[in-house]
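There is one chain below, alone, in structure tokens, taken in the form predicted alone.
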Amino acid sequence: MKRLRILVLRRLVQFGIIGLFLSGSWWGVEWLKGNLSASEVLETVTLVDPFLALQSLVSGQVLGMVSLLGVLIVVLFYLVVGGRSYCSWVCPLNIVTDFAAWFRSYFKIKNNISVSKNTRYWLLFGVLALSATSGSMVWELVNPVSGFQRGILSGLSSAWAIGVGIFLLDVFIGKNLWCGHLCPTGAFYAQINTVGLLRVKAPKQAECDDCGDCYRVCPEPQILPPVLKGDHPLKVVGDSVCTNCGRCIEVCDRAVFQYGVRPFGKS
């Protein structure tokens, strides 16, 4: 359990969020109403996904004061916990992609299409450009994250279709292909993460014995060499694509990694 403690906590958080959205129909108290794109806490505090808001703004739509405040609350939260914590602690598709990564490892599936990790940023730019030219939030029409969650909350078969599709993509086309190479939502939250406060740190860098366990479980393994092998004075995983999933922390027998706070103004 020591090597799974953070993973178990992440699953509790992810399923807990789904449970809060279902609380109205289950218990008669709507702790969260709506979905991850736009929701209300106890029908009082509005929360709005900043990526949705940005699409809305570039498409020419005007956001009301309540929506802008909802965006600000979400942005401030992820500035503290790290933007891509959304990907590993909140996004329900992360459950699917993590399972796909385990499946590939267990069955030793090696096929891996070559796709640049910068593709997600090009897709992010394309989504915003299309929203600006079309006058509509085009990504929300096809966003698998929103579609998957809506399907779960509504009991629709579309949730299964999206989940199976992403699973097959990550298993048989490319490792971590969706989250690590294609998802524009993750690319957007990585921008917030450039100044995120919570970081994975490597205070015991010198204790690393090159076992490779952290590389095998990390969804963004390209961020590890600068910390483990480079001359990094602060010993902080400073790359903005780090999801703060904590898998490197729990699988490392040498306790090289831990959660910490990044020094202000430094990576």
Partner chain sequence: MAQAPQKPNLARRRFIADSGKAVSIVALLGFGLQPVINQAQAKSVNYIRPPGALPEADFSAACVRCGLCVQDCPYDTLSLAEYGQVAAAGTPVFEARKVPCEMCEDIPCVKACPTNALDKTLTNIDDAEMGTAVLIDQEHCLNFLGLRCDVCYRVCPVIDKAITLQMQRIGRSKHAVFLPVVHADHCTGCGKCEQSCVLDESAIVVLPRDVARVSSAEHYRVGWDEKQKRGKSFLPEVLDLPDRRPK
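Model, not experiment: these values are computed from the prediction. Positions refer to the first chain, counted from 1.
Unshown form predicted in complex with its partner chain; subsequent notes refer to it.
Although the partner is absent from the chain shown here, K33, T46 and S154 each have a heavy atom within 4.5 Å of its partner chain in the model of the complex.
Checked against its partner chain in the model of the complex, the candidates L169, V81, L130, I73 yield a single residue with a heavy atom inside 4.5 Å, and that residue is L130. Residue F125 is the only one of F99, F107, F77, F125 with a heavy atom lying within 4.5 Å of its partner chain in the model of the complex.
Remark: G64 counts among the residues lining its partner chain in the model of the complex, judged by a heavy atom distance of 4.5 Å or less. Although the partner is absent here, Y189 lies well away from its partner chain in the model of the complex, with no heavy atom inside 4.5 Å. Shown alone here, Q205 lies farther than 4.5 Å from its partner chain in the model of the complex, counting heavy atoms only. Shown alone here, L228 lies farther than 4.5 Å from its partner chain in the model of the complex, counting heavy atoms only.
Only one segment in the set 196 to 204, 235 to 243, 53 to 61, 210 to 218 has residues whose heavy atoms sit within 4.5 Å of its partner chain in the model of the complex; it is 53 to 61. In the model of the complex, not one residue of 78 to 110 has a heavy atom within 4.5 Å of its partner chain.
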